[in-house]
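As a starting point, one isolated chain is supplied in structure tokens, in the form predicted on its own.
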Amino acid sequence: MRYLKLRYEDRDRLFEALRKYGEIYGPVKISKKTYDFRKVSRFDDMDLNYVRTISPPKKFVYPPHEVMFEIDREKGKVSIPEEDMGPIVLFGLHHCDIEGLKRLDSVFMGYPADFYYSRRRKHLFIVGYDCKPDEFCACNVTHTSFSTDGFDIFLHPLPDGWLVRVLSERGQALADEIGMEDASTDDFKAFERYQEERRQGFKWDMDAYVLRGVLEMHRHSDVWEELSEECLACGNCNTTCPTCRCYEVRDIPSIDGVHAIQERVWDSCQFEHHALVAGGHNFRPTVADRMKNRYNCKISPAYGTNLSYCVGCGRCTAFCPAGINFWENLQKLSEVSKHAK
């Protein structure tokens, strides 16, 4: 890891150097209160003071809808669509979203690796960007408040620019091309002050590792019925989550019966049909059952790691149309556990 400095006046040089790698997507304000990762043509098109985007960066490597196979019955041919994504730069990812991609990597790039995810993932150049939490953030709870890997370079705001952590070989080449200078002692002190301000900004004081036990102990508690009363089962918490990965596979024939496609689309464990199996049995028939499953899934360890699937980004709470607060509910469960006889 190298620690360098990028001065504010050199931001356009950084942007132009990144353009040589591929198209750049960064946080853009798309409504009064909402941001999303969109294609940008200038550094100043981005609003780097955002807290969260409405859709997570997983959409770039694991899209909501994708064709997996194309079938031609006359020719007896099954083909995979050509690669649909070239090199792109994701600029301004916060710690939680970088950690979210790492959780997806553990699933889709394990053994056997998912072909479609893997061929997109290799094209990402990731520029991390530091942030200040709001009332919905809980990356301190999930131990995802500071990324040490999973990026090429990471920018931390300084009074006159950014402290840059350079991790990958591509990041090293970029820093050398721009001619970034070494960070000074004053830069490190400013960085430490910023991190202390971040720590003071978190609202929630729990621990994801402890919560795993709490959720397991209260798997059959009546409190789930109470917590689920306001839930609309709309699936918004899943579609905005950076680590939700459930999908449905559909075979869609053409009207002439000659051609067909097989497609993969995002699914939600909050939908009634999600746990429905042949014969009509539903393993999670009620909203309470499905909410309980989701909470246990998010706090459980990611595949092959001991790290929580929840990365504390706050999207499920911030964008819930029913106003359900994920961490408030977990706090209620913790209180039930403390007072249980």
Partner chain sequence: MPNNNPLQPKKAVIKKVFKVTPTEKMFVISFVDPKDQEEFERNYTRPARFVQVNLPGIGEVPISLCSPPTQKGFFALTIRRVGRVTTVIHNLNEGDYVWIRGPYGNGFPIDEWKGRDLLFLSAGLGMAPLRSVFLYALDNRWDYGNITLINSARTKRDLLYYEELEAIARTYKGDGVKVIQTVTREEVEGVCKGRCHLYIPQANVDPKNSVVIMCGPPRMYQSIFDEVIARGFDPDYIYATFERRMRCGIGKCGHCNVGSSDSMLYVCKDGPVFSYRQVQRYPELME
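Positions refer to the first chain, counted from 1. Owing to the predicted nature of the structure, the values given are computational and were not obtained by experimental measurement.
One more form of this protein exists, namely the form predicted together with its partner chain; it is left out here, but the text below deals with it.
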| item | value |
| --- | --- |
| Site check 8, 12 and 173: each within 4.5 Å of its partner chain in the predicted bound form by heavy atom | no |
| Contact of residue 297 with its partner chain in the predicted bound form (heavy atom, 4.5 Å) | yes |
| 4.5 angstroms heavy atom contact with its partner chain in the predicted bound form for residue 42 | no |
| Contact flag, residue 146 vs its partner chain in the predicted bound form, heavy atom cut 4.5 Å | no |
| Partner proximity in the predicted bound form: residue 86 to its partner chain, non-hydrogen atom cutoff 4.5 Å | no |
| Per-stretch contact check against its partner chain in the predicted bound form, the hit in 128-136, 164-172, 252-260, 177-185 (non-hydrogen atom, 4.5 angstroms) | 252-260 |
| In the predicted bound form, the one of 108, 204, 224, 91 near its partner chain [non-hydrogen atom within 4.5 angstroms] | 108 |
| Residues in 282-317 with any heavy atom within 4.5 Å of its partner chain in the predicted bound form | 283, 284, 293, 296, 297, 299, 300, 301, 303, 309 |
